[in-house]
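The chain below stands alone and is given in structure tokens; this is the form predicted on its own.
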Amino acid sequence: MLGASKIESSEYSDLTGVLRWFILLRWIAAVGVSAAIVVGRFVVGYDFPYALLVGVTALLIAGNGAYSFYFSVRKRSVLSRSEMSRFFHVQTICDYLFLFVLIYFTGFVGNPFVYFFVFHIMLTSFIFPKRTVATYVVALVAVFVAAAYGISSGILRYYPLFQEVSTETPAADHLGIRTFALATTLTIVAYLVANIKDRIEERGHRVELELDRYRSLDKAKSNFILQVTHELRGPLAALKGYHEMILKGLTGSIPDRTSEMLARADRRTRNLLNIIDEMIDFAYMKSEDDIDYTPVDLSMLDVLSYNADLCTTAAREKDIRIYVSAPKELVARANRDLLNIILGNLITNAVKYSPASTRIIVSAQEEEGEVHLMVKDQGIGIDAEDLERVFEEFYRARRAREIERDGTGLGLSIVQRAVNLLGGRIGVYSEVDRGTTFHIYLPKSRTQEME
């Protein structure tokens, strides 16, 4: 029955940690027992069978050494569920046996350390299901009752802990009361721990169900946003195109006042398109389970140039120069869509929040086995109190809100999420009125790593 029982734990790694903890505690127990034997023999002078106690301690040390070798060296801390179950059972039975022998030869139930069995029962209740715990408790209580009967009837010898107490067999009622108290304590502890564990697991299961429900709702929300924003983007893009054609005079000459109003409408339409694009990217990133982010080898110079060109028109309106710098041979292992999202957001923000006649540097270089991307501007900068929150969803810094009221506050959170999906990391450095620099580190191409 014991060999076939399951081990209960929510995570496999938890059980591995418990095994390490068991082995460590057993080493501590071996040291403590050895010290107690030395003190009892040479300091207090108790009349115990020390040769037997030393032998049991040696078996404890040898057994724990075998456990350590099997777990850490032979299996390298990786056991299957069935192996782990058997390993736990072997250790538990040996621990019960060693502790019982040590307790029996040092005062039996009169030894206060007999209640160390409470800790063993608690650990057993944590690891095994109720039926297995009940089997251990019944077996342990039966052994104690049998030993108490053997001592009271004179079949077994009694080894008192305190030498001033007579070494004669203690009264049967006295021995029975202590044995009954111990058995009751072990049973109650096993029952309470098992039931507390069941309640914790039940609540954990409810939390998992709520999390699954939340994930489903979040996914539905992302899909809804993605669908609606795609439907909105088409008409708005067409409207912006009509504005541009009228402003360029393709439909005939228009009064200056009308041209000015159309230019304002075009700017507002462009802002709406930027907001919709951010919402699309946000929903796109939230729907990552349904999207293939397979990385490929990408030329950094090509990717940087492509994204810089997309922002050239907006930069030219403010007389901002965008400089691109990257070695031709530099290749990153990344996903093109995610990289375009990262660079598109950062360069667009740099143009938006930089004053006229400044410059933006977009560069990439190899650094300590990684690809280091940098987007540096001479813009308004970010206040120190805002710097820690710039990657939060829907958060906009105060200075950014002063320049442009429209915005979702999703851009940088999208950038950080994309960087994480690429297995990279991102950092930001900024000084107020002196500019902001974003540093991104991505994995290099495997081909380059092998060269």
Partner chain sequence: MAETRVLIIDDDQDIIETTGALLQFEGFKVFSAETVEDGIEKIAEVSPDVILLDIMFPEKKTRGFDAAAEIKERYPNLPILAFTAINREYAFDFAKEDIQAEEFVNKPVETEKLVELIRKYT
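Not measured: the values here are computed from a predicted model. Residue numbers count along the first chain shown, from 1.
Not pictured, yet referred to below: the form predicted together with the partner chain.
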| query | finding |
| --- | --- |
| Any non-hydrogen atom of residue 184 within 4.5 angstroms of the partner chain in the model of the complex | no |
| Any non-hydrogen atom of residue 284 within 4.5 angstroms of the partner chain in the model of the complex | yes |
| Non-hydrogen atom contact residue 366 with the partner chain in the model of the complex at 4.5 angstroms | no |
| Distance check, residue 234 to the partner chain in the model of the complex, heavy atom within 4.5 Å | yes |
| Answer range among 114-122, 243-251, 146-154, 367-375 for contact with the partner chain, defined in the model of the complex as heavy atoms within 4.5 Å | 243-251 |
| Of 90, 262, 273, 301, the one that lies within 4.5 Å of the partner chain in the model of the complex (heavy atoms) | 273 |
| Option touching the partner chain, based on a heavy atom within 4.5 Å in the model of the complex, out of 280, 137, 189, 322 | 280 |
| Sequence-ordered list of residues in 341-380 near the partner chain in the model of the complex, where near means a heavy atom within 4.5 Å | 341 |
